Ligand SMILES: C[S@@+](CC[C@H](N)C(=O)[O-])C[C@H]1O[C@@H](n2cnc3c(N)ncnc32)[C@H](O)[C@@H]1O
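Encoded as structure tokens, the following chain is the form predicted alone, with no partner shown.
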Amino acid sequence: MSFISSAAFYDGINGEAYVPYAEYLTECFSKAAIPVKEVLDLGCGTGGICAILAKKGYDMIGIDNSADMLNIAYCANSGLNTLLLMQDMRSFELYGTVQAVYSSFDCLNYLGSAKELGKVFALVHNYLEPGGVFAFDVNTRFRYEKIFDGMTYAYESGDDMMVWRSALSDNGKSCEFWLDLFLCDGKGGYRRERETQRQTCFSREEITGAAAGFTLLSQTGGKGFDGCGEAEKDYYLFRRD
């Protein structure tokens, strides 16, 4: 679940969605049974959404297990009311409770199994106040089969380039990503780095089965603002009992 040099490409791939995603989240927060002031971002990445919500007046906590992601997030959230912690979402600890939790850009798909998903839900339940909300998106099977399987994508960030290849497993439960990064050394040359990532395809039954102590408020398709159509993403909103 770690990201190395690919952190430099994250904002270029997702950045245009930060503002509309933050607006969607504020709508989700309005569905809480309690006022929302303190918010946890699980898998905050480079902290773009954290910064927008902090500017809206929320007290933000961002958790990510990548130092490279957090280094960028520190800059994005400089001078804002955002606490950034380097922790794994499967075992995170907070100093207190929050009234809302969210996880954006299919972060939960990086969990390895339904058991790990259950651990995350249990931790969120522990730190989320009764009546608070948990919002997240996950990739659908359609996206893995039709958008990722056997495909290659290329991204540029300044003088750097990333080539992204992906393939669905034989049983259709996981998708492997191979990232080749060509990073400019500033001297006219490049160094090559490689990352391997894996995502798990979770069904609605697995997600709702993991959500002990929560009530499902809504499940909707892709919003479009992140480049994903209705069939490619599922957006879930739960409220803690």
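Start at 1 with the first residue shown and count on from there. Treat the numbers as computed from the prediction; the structure is a model and nothing was measured.
What comes next is about the form predicted in complex with the ligand, which does not appear here.
J.: At 4.5 Å between heavy atoms, only one of the stretches 180-188, 27-35, 205-213, 64-72 reaches the ligand in the predicted bound form; which one is it?
T.: Stretch with heavy atoms near the partner: 64-72.
J.: Which listed residue (88, 160, 145, 129) meets the criterion of a heavy atom within 4.5 Å of the ligand in the predicted bound form?
T.: It is 88 that has a heavy atom within 4.5 Å of the partner.
J.: Does at least one non-hydrogen atom of residue 107 fall within 4.5 angstroms of the ligand in the predicted bound form?
T.: Residue 107: contacts the ligand in the predicted bound form.
J.: Given that the ligand is not shown alongside this chain, does residue 9 nevertheless sit within 4.5 Å of it in the predicted bound form, heavy atom to heavy atom?
T.: Although the ligand is absent here, residue 9 would stay clear of it in the predicted bound form, with no heavy atoms inside 4.5 Å.
J.: Is there a non-hydrogen atom of residue 60 within 4.5 angstroms of a non-hydrogen atom of the ligand in the predicted bound form?
T.: So residue 60 does not count as contacting the ligand.
J.: So in the predicted bound form, is the ligand close enough to residue 39 to count as touching (4.5 Å, heavy atoms)?
T.: Residue 39 lies outside the contact set for the ligand.
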